[in-house]
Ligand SMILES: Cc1cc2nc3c(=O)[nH]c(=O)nc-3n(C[C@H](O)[C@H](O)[C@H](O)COP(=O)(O)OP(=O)(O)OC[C@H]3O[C@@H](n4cnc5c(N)ncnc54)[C@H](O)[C@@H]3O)c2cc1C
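Below you will find one chain, with nothing else, as C-alpha cells; this is the form predicted on its own, and questions on how it binds or moves follow later.
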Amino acid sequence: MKNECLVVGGGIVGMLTALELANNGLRVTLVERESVGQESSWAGGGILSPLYPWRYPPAVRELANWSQQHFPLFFEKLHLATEFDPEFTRNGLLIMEPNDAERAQTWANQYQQELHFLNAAQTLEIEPKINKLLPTPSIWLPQVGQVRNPRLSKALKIALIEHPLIHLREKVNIAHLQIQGDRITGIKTTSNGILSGDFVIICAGAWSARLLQDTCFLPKIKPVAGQMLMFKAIPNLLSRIVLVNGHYIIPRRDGRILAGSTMEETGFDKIITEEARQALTTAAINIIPELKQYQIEEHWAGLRPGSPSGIPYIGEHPFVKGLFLNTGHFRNGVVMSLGSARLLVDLLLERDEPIIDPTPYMPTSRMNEKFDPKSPECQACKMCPEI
C-alpha cells in the first residue's frame, strides 16, 4: 500500500488526524494556510461535551462519547511526550433551567454517564457563587471535562514537529486539488508548486467546501461565527462549567473565566460587536453576579464549520478515490476530534471493525442532505431560510 498522505488544515482535527495517520506508519505532510491551531481551534471554549448532549443526534453523541472515554489517557501521554500541559481538567458541567430531564436521564442511561438532579441547596453547594435567583432544579454532570484549547494546539504542534513521519508546512495557500481521472494525486499551491500524495484528507473546517467546489460533491458546510469574552477573574471564584439558557461560563486554572457564545452567519468575517459584548457580559453576570467586579480582558470571534445537525463528514469522497473528508464538526470539534481522527484512519486503512458505525458520517450517505431546521444547531443559529 502506498503511504503518502496530505492533510489539509491544521486545526485540532487536522493535527490529530495527521498524528493518527503517522502513528499507523503513514508518511504525512500537514498543510495549513496560516499557523496551526489559530482558527476555531483557538477560539472555542474547550468544553469536552456537547452543551446539551441529549439534544443531539446519535451520530454526534457516539463520536463525543468515544472521545470522552479516551481523552484522559491521550492527554496524559501528550503532556508526557511534549512536556507541555494542555490543562485537561475534569471539573464537571452544571446545567441550569433544564426542561427535558427525562431525555437527559435516558441519554445518561444509554451512554453510562453520571448525572444528578439537584435542588437549589444542592446546586449552591456545588457552586456557591452562583446567582441564587436562577431557577432550579439543575442537572449536574460531574465527569465532564475541559481543555485549554490554545494550549492543546501548542502541545499538538510540538508532537507534529517531533514525529519522524510528519512534515508540517504552514503559510501554504492551496490553489486547487490535483485530480487525474477519478483519483486524487495531490494539491496545487499558489507559491509552493504541486504537493503529491496518495491520499488527501480535507480537515479545513469552515473553508472545506471551498476546496471541494470542483469535485461534484459539495458538503453542506457554512461558516458560523461565534463571539466570546474572557474575564480576568481570580482562582476559585468559579469552580465548574455552568450553562444557563444556552450561555456558558468556563473557569480556567489561573482564574480567568470564558463566557460564550454567539451564533451568527457573517460569512468569513470574524467581526466583534458591542451588541454581542453586552449580551455575553449580561449573561455571564446573571450566572455569577460577582463577575461585574472584574474587567473583560479579551473579546474575540471564531468561525465554526456549520453542518447539518452538527454531524461531521468523515470518509472518502463519493467520486474521487483517495480524497477523504474529516470536517464539519460545527460547535463540537474538540469533543469529537479524537474519535473523528481515529474513525477517519479506520476508513482510510479499510479496517474491518471501525470504532463506531461510520455510515452517518460518510459523504456517500449524505448526497441529498440539507440543514435540518428542527435540529438543535439550526434552531440555535437561524441559518436556514425555512426558519
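Since the model is a prediction, treat every value here as computed from it, not as a measurement. Numbering starts at 1 and follows the sequence shown.
Omitted from view is the form predicted together with this ligand, to which the following refers.
- A residue is said to contact a partner when one of its heavy atoms sits within 4.5 Å of a partner heavy atom; R61 fails this definition for this ligand in the model of the complex, lying far away.
- Contact annotation for F231: none of its heavy atoms lies within 4.5 Å of this ligand in the model of the complex.
- Of the heavy atoms in A43, some are within 4.5 Å of this ligand in the model of the complex.
- A residue is said to contact a partner when one of its heavy atoms sits within 4.5 Å of a partner heavy atom; L344 fails this definition for this ligand in the model of the complex, lying far away.
- A heavy atom within 4.5 Å of this ligand in the model of the complex is found for exactly one of G197, G310, G302, P251: G302.
- Checking Q278, N236, N119, N173 for any heavy atom within 4.5 Å of this ligand in the model of the complex turns up a single hit: N173.
- Of the candidate stretches 52-60, 316-324, 333-341, 356-364, only 333-341 has residues with heavy atoms within 4.5 Å of this ligand in the model of the complex.
- Looking at 18-32, the residues that come within 4.5 Å of this ligand in the model of the complex, counting any heavy atom, are V31, E32.
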